[in-house]
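Taking the form predicted on its own, here's one chain by itself in structure tokens.
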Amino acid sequence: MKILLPFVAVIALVFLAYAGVGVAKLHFLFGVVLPYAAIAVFIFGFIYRMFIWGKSPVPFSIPTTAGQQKSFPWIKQNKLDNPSSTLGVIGRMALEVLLFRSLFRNTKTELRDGPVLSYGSEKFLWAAGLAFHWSFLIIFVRHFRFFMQDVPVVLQMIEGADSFFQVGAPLLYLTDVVLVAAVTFLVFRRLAMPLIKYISLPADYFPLFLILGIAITGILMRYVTKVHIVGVKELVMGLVSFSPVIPDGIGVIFYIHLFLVSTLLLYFPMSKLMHFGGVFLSPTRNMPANSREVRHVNPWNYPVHVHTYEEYENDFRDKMKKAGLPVEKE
């Protein structure tokens, strides 16, 4: 059920959009009201989650260390795996966000015949994750041509590189293929590996199915079921300029695609997808490993009266002298 339920939920969203636009003719609701609501929830929800995380105290200095810490001058420090400066923290964070460095170094553990505990590489997960995130980012940036009257040169260059092989007409975008392949791999990986399948929840499958639905509807619009692209840009430009219009003849498939995107925006702030912002607030990544140089003060600390030795001796001096214990004051 934890696999079937999110899959059925995405299918239900598709039929809901189809019924709302194709049957009930609620074009304004699905083309204007829901996108505006989704964007508002996404922005305020994202800011709220980041604010809550940002004000959380960090009682301990807990940066992840995987190399030599800064020590004596003749001992070489690993400035990326154990950074002691802000520049080193930025470098490690950049490698983590842009290249998934920690996932690249991830290993899998298996118990084989013998029994023998063996360790192996997990590079396929790193490659699929990297391909998924980068292709999703490029597709997101590529869609900015709908939000601008004149397409910037940078976007034209990105589109040219994305359709480099010039397969078919219209040209095939490589990121479309890579995104679908990467998401499919991540879904089947959860289904094929018993341990991963056991710990997976519906919340792990739903965003994958939802993104897969967004990708498939987008591919259908471009290569199979044509839409009125001028009308699409007119609708989007109307949303951006806060003067929404509903052009005729866009096609139901576009509203299904837009509704799935709106659902993703609504779901984003309350889901695990918030790791997109949370990674920057992780103390294991954004703190320098300089505990030998700088004292980390616990923000939860409050003034506490300490019973000093002088006070202790004042309380028990007579008894200490009778017991033959040395005292500082006679």
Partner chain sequence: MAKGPTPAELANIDYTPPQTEWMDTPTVIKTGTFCWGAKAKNLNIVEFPNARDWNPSEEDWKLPENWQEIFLKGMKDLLGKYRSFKVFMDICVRCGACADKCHFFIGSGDPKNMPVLRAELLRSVYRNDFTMAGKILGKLAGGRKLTLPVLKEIWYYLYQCTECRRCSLFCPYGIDTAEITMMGRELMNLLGLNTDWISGPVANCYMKGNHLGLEPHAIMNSIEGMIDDIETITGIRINPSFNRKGAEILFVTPSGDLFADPGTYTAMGYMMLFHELGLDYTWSTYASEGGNFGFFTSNEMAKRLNSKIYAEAKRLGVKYIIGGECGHMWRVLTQYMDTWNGPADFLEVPVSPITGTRFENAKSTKMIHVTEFTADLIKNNKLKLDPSRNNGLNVTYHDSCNTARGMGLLDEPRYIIKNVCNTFHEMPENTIREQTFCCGSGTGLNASENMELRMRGGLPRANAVKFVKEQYGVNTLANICAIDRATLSASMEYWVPGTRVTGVHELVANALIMKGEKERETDLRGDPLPGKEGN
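Positions refer to the first chain, counted from 1. Only the largest set of C-alpha atoms that superpose within 1.5 Å between the two forms is called the rigid core. Remember, it's a predicted structure, so these values are computed and weren't measured experimentally.
Just so you know, the form predicted together with its partner chain exists too; it's not on screen, but the next bit is about it.
- Its partner chain is not shown here, and in the predicted complex it never comes within 4.5 Å of any heavy atom of residue 18.
- At the 4.5 Å threshold, heavy atoms of residue 26 stay clear of its partner chain in the predicted complex, well away from it.
- In the predicted complex, none of the heavy atoms of residue 166 sits within 4.5 Å of a heavy atom of its partner chain.
- Contact check for residue 156: every heavy atom lies farther than 4.5 Å from its partner chain in the predicted complex.
- With the partner omitted here, the residue from 62, 41, 47, 32 that has a non-hydrogen atom within 4.5 angstroms of its partner chain in the predicted complex is 62.
- Contact with its partner chain, judged by heavy atoms within 4.5 Å in the predicted complex, is confined among 94 to 102, 251 to 259, 140 to 148, 213 to 221 to 94 to 102.
- Residues 49, 52, 53, 54, 56, 57, 58, 59, 60, 61, 62, 63, 64, 65, 66, 67, 68, 69, 70, 71, 72 are the ones in 41 to 72 with at least one heavy atom within 4.5 Å of its partner chain in the predicted complex, listed in sequence order.
- Residue 18 is not among the residues whose C-alpha shifts by 2 Å or more between this form and the one not shown once the rigid core is aligned; its shift stays under 2 Å.
- Core-superposed comparison between this form and the one not shown: the CA of residue 275 stays below a 2 Å shift.
- Core-superposed comparison between this form and the one not shown: the C-alpha position of residue 320 differs by no less than 2 Å.
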